[in-house]
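This document starts with one chain, in the form predicted on its own, laid out as structure tokens.
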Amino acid sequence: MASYLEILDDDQGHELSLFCVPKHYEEDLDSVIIPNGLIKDRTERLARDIVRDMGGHHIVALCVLKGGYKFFADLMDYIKALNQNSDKSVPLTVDFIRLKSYSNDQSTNCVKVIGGDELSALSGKVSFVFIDIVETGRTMETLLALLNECNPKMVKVASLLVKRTPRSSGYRPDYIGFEVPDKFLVGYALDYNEYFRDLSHICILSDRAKEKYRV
């Protein structure tokens, strides 16, 4: 089973005043639950684990947009540094796919896949999916079913966050950064209706902000 750093259900996070938060978001957030520095340190460790496990394989690194772009970019930087400075290295090519399954703070239970037309190129290759968060797991199960239709050699998944929720299908990624409470989180490219991607830390969204930015 994948190792991870657990954020407990009763963890209320840290006061916003202790961190640099964009002024336009100060009234929209309850607290900082995962500071940027901790995200970076955990991501660096995930990079080391992936290079250790996948060294020698040529992998196609598939970034799930939009929420996964920060996690993906930082993890790729760490992997590149390890490739240059360690005995094991992982040859990489990259590709991008976009999934959409949310409206406001609720899952629509309808997963839209954008950019999957070229996934046939994954046939016979090791595919590594990088995603920002796994909540119910159904979005990932839909994507994995799509990828497996392309007959890849192997598919692995790394998720920065996995949410503890009774709505979970039971799906767990191969690599996990943090296991988090069942709260709506934004920042580090996780959004609420496209807002908050420009926030460095992962924060708990306030109920007031859910109404303010509702579409």
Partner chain sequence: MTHSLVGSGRKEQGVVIEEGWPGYDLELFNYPEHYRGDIDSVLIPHGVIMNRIECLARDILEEIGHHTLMVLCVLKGGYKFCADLVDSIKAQSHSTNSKLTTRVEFIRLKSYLNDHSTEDLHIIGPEDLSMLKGKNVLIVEAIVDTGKTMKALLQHVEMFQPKAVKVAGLLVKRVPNGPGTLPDYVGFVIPNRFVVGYALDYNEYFRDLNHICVISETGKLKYKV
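Residue numbers count along the first chain shown, from 1. As the structure is a computational prediction, the values presented were derived from the model and not from experiment.
The same protein also has a form predicted in complex with its partner chain, omitted here; what follows describes it.
Trainee: Given that its partner chain is not shown alongside this chain, does Lys153 nevertheless sit within 4.5 Å of it in the model of the complex, heavy atom to heavy atom?
Mentor: No, Lys153 stays farther than 4.5 Å from its partner chain in the model of the complex.
Trainee: Answer with yes or no whether His14 is in contact with its partner chain in the model of the complex, where contact means some heavy atom within 4.5 Å.
Mentor: Taking the distances in the model of the complex, the answer for His14 is yes, it comes within 4.5 Å of its partner chain.
Trainee: Check Glu179 for me: does it contact its partner chain in the model of the complex (non-hydrogen atoms, 4.5 angstroms)?
Mentor: Judged by the heavy-atom cut-off of 4.5 Å, Glu179 is well away from its partner chain in the model of the complex.
Trainee: Is Val60 near its partner chain? Define near as a heavy atom within 4.5 Å, in the model of the complex.
Mentor: Contact with its partner chain, no.
Trainee: At 4.5 angstroms, heavy atoms only, are Phe96, Asn193 and Lys210 all close to its partner chain in the model of the complex?
Mentor: Not a single listed residue reaches its partner chain in the model of the complex, so no.
Trainee: Though its partner chain is not shown, can you say which of Arg172, Lys163, Lys66, Arg45 has a heavy atom within 4.5 Å of it in the model of the complex?
Mentor: Only one option qualifies, and that one is Arg45.
Trainee: With the partner removed from view, which of 66 to 74, 153 to 161, 35 to 43, 184 to 192 is the stretch that lies within 4.5 Å of its partner chain in the model of the complex, judged by heavy atom distances?
Mentor: That would be 35 to 43.
Trainee: For a quick check, can you give me the residues of 189 to 203 that have a heavy atom within 4.5 Å of its partner chain in the model of the complex?
Mentor: Read in sequence order, the lone residue that approaches its partner chain (within 4.5 Å, in the model of the complex) is His201.
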